[in-house]
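The chain below stands alone and is given in structure tokens; this is the form predicted alone.
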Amino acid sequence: MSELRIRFAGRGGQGVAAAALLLADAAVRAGRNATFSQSYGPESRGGASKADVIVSDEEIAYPIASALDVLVALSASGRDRYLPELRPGGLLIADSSGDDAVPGTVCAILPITATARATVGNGPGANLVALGAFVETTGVVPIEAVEAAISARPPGGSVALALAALHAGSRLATPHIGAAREAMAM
């Protein structure tokens, strides 16, 4: 797919904007075009939060994602709020904390938050686990480009912990690669 429209969604404070920004940075490092935009306002205080990334091999005409190809949801509220914008047959990567499969989508329902806790403790990290799962399932950018983006701008200040969370997400998503990449080809 020459252009991919991705939304990271969750509650304010879950790091959806940080994950999306790292993805956009990685895409540029990999020689692709990318845009990044995020929601502002009360969302940053614990309400539904979103950040959009468009990755393309061509010039990007408009920076806001619509008719999403991929929705990466760290919370049920973020999933429910933005799911109507996911195109039919689009890819949903969601935390398994109570989320069920959604008809009409290709789903990767993963224990994102639990994996983050097991990998980096009680601190942040679910956003990076989700980013690793996204990169592994879609192949939209090489993992090395994300590693470089993290090394240049380590979320939480620790490159080692951030990379551990990224790689845990990558391993978590490995069984979903085939279905996800097939959905991206549509």
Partner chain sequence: MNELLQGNAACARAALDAGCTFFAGYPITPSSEIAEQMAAALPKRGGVFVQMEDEIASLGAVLGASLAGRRAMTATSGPGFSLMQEHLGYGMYAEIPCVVVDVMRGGPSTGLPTRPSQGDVMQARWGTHGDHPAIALAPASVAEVYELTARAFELSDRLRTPVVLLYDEVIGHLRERVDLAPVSPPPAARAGPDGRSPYAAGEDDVARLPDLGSGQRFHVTGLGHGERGYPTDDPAVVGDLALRLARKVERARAEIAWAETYRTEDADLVVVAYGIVARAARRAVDDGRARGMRLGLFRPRTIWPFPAEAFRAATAGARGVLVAEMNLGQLAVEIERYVPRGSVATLLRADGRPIAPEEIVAAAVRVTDGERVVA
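Worth saying up front: this structure is predicted, and the values here are computed from it rather than measured. Numbering follows the first chain given and starts at 1.
As for the form predicted in complex with its partner chain, it is not shown, yet the points below apply to it.
Taking the partner as it appears in the predicted bound form, which of 62-70, 157-165, 139-147, 126-134 has residues with heavy atoms within 4.5 Å of its partner chain?
This holds for exactly one stretch, 62-70.
My question is simply whether R5 lines the interface with its partner chain in the predicted bound form - judged by any non-hydrogen atom within 4.5 Å.
Heavy-atom contact with its partner chain at 4.5 Å: present for R5.
Using the partner position in the predicted bound form, report whether T119 sits within 4.5 Å of its partner chain, counting heavy atoms only.
So T119 does not count as contacting its partner chain.
Considering non-hydrogen atoms and a 4.5 Å limit, does its partner chain approach N33 in the predicted bound form?
The answer is yes: N33 has a heavy atom within 4.5 Å of its partner chain.
Within 4.5 Å, heavy atoms only: does A173 come near its partner chain in the predicted bound form?
Contact check for A173: no, nothing within 4.5 Å of its partner chain in the predicted bound form.
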